[in-house]
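Single chain ahead, by itself, as structure tokens, in the form predicted alone.
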Amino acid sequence: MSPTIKVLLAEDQSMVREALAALLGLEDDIEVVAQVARGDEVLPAAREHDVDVALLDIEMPGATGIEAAALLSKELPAVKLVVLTTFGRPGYLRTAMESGADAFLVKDAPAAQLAEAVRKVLAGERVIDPTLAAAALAEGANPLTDREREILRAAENGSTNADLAAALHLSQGTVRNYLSTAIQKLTARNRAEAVRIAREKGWL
């Protein structure tokens, strides 16, 4: 008999998390050994429970699933990473893969498909939802540079250029230039619209 695959489940909505845990628990070779509701709880839980595979929701408090994936990939490279999303935002696929994810699936995929993805990533395979893959190819690459993304993320809460400049240790002119370039690239009318477009496409 093959050894049980130890899984960590990170999902901030308790009903969804418990449903996923119950469905995966029906599989003979999979055991959900840890459940967390925050992205910043992922690494400590993965360490404590010596998990084989981490299933990570993208949107979580504390840290996003993609940030948690990047940290796990660096700190516990043996752990396989499955990123789950409810969003059809193709930009997330590219970002997730760059963060070290081994699989990228929609959260409402059938339980059997999730279980099979867990087995496949443990065997060294990559698993990508075909619809998301097609959308990502059609969408093209993220046009924003790392610095433009950083500034748009910082601008999300309505900070002034002066606030952004102070927080990012840049001059106000430099911040203005980055914002202007990002707004142009996204064909947005202003920074708020640029943030919204980039967020919708999964580019932040």
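Each residue number is its position in the shown sequence, starting from 1. Superpose the two forms; the largest set of C-alphas matching within 1.5 Å is the rigid core. Because the structure is a prediction, the values reported are computed rather than measured.
The discussion below concerns the form predicted in complex with a further copy of the same chain, not included here.
Comment: a further copy of the same chain is not present in this chain, but in the model of the complex one of 122, 106, 127, 76 has a heavy atom within 4.5 Å of it, namely 106. In the model of the complex, a further copy of the same chain lies within 4.5 Å of some heavy atom of residue 14. Within 4.5 Å of any heavy atom of a further copy of the same chain in the model of the complex lies no heavy atom of residue 93.
Interface residue remark: residue 186 is not counted as part of the site for a further copy of the same chain in the model of the complex, having no heavy atom within 4.5 Å. At a distance threshold of 4.5 angstroms between non-hydrogen atoms, residue 163 is in contact with a further copy of the same chain in the model of the complex. Contact check at 4.5 Å (heavy atoms) against a further copy of the same chain in the model of the complex: all three of 22, 84 and 190 pass. For a further copy of the same chain in the model of the complex, the listed stretch (44-52, 170-178, 64-72, 155-163) containing residues with heavy atoms inside 4.5 Å is 155-163. Fitting the two forms on the rigid core leaves the C-alpha of residue 75 displaced by under 2 angstroms between the shown form and the other one. After superposing the rigid core, the C-alpha of residue 192 moves by 2 Å or more between the shown form and the other one. Once both forms are overlaid on the rigid core, the distance between the two CA positions of residue 183 between the shown form and the other one is 2 angstroms or more.
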